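In structure tokens, the next block holds one chain alone, the form predicted on its own.
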Amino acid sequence: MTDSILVLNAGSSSIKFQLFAVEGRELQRRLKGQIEGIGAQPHFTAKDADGALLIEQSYAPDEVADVPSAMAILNRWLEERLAGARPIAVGHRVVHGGPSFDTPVLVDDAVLSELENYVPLAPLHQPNNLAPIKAIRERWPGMPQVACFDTAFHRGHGELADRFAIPEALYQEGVRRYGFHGLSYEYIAQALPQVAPEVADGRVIVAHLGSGASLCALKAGRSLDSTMGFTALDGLPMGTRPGALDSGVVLYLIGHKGMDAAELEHLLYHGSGLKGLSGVSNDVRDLLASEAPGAKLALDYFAYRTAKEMGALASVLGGLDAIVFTAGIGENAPEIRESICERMAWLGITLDEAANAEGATRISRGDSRPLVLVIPTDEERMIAEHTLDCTELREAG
């Protein structure tokens, strides 16, 4: 049986997975699927490399009540599918690497303990990222596992981009601007030389727009700055998160509304953003289909804030050669791309309406400077590549 690498991306109510066959230094995607609706309406689907459905099964909520129970089902299914063979390694997306981790790392007891310390910095993501690591350590003892961090790609930021205007002691404790979605940005940086070589070494803003959303300023393929900061709350408005927020608002909610930490956390992570603004939904597809005034407000606000932050990053870059849209909204919502680009027309952007509507790779007109591109991201492939690298280094050592 060909060696394989399993990639896991776990959230609060879902586990996305992919299996890659390892053929020399090449990775070939073999399986792709997810268990979603964990604890509510659990549903397991998987497809092979050609898109053929391999399994589609629903469960009672108590059968898949949490991420560990979902992992048990996934592990059993994989063992049956692979005829008892196990992957040679498992790679995981871990949102926060804190100040300690700036590259992917093999997980051991010390690493896992350190990553637990960063749960307060990413309470929506980190516990769920770590749950599959623990489950696999129990089921497959000795299995090499690699943590790949969404913060790592941004760790080369200069001091001015890295700091808040707070006392030095807090910075030394790790209170700094980390940036996130780094695996996505790393993939786009690697893809640009093939997709648009004329701008790959230039000044590029990548817009990772999904339920979580951020922008990254790339120069010669390296991250100079990002809209996200200490946590995944900062920057652009998101599905249920507010993005940049005057810290005085938090003080007001504590002092005058009597909110405690748990209430604030729920408001900022689950009750704000497009959901809070619209009063309709956190899903852009629902908002585009809605005639409610709040839906239009939320979409206009999202485009306004995205264009505003793009202007700031263009200043950081000293100009702009290209904008790249990626992730769920960026890849699939031409209306949102158009609304953002209209607000960026002062830079010389002219959109090709037909190309944008069909989701072409290049959606700007030939006379447009900067270029505007749509490039699907592939965080799972980046994780698989990093996992293979770390596993080979382990074997070589």
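Since we're looking at a predicted model, the values are computed, not measured. We call the rigid core the largest set of C-alpha positions that still match within 1.5 Å between the two forms. Start at 1 and count along the sequence shown; that's the residue number.
The same protein also exists as the form predicted together with a small molecule; that form is not shown, yet it is the one meant from here on.
- Interface membership of residue 212, defined by any non-hydrogen atom within 4.5 Å of the small molecule in the predicted complex, is confirmed.
- Interface residue remark: residue 332 is counted as part of the site for the small molecule in the predicted complex, having a heavy atom within 4.5 Å.
- None of the heavy atoms of residue 105 is located within 4.5 Å of the small molecule in the predicted complex.
- Although the partner is absent here, residue 283 lies within 4.5 Å of the small molecule in the predicted complex, judged by heavy atoms.
- Among the residues 68, 328, 359, 39, the one placing a heavy atom within 4.5 Å of the small molecule in the predicted complex is 328.
- A heavy atom within 4.5 Å of the small molecule in the predicted complex is found for one listed residue only; from 288, 312, 250, 170, this is 288.
- Partner contact region in the predicted complex: 332-340, out of 351-359, 332-340, 31-39, 50-58, criterion any non-hydrogen atom within 4.5 Å of the small molecule.
- Positional change of residue 36 between the shown form and the other one reaches 2 Å or more at the C-alpha, relative to the superposed core.
- Relative to the superposed core, residue 93 undergoes a Cα shift smaller than 2 Å between the shown form and the other one.
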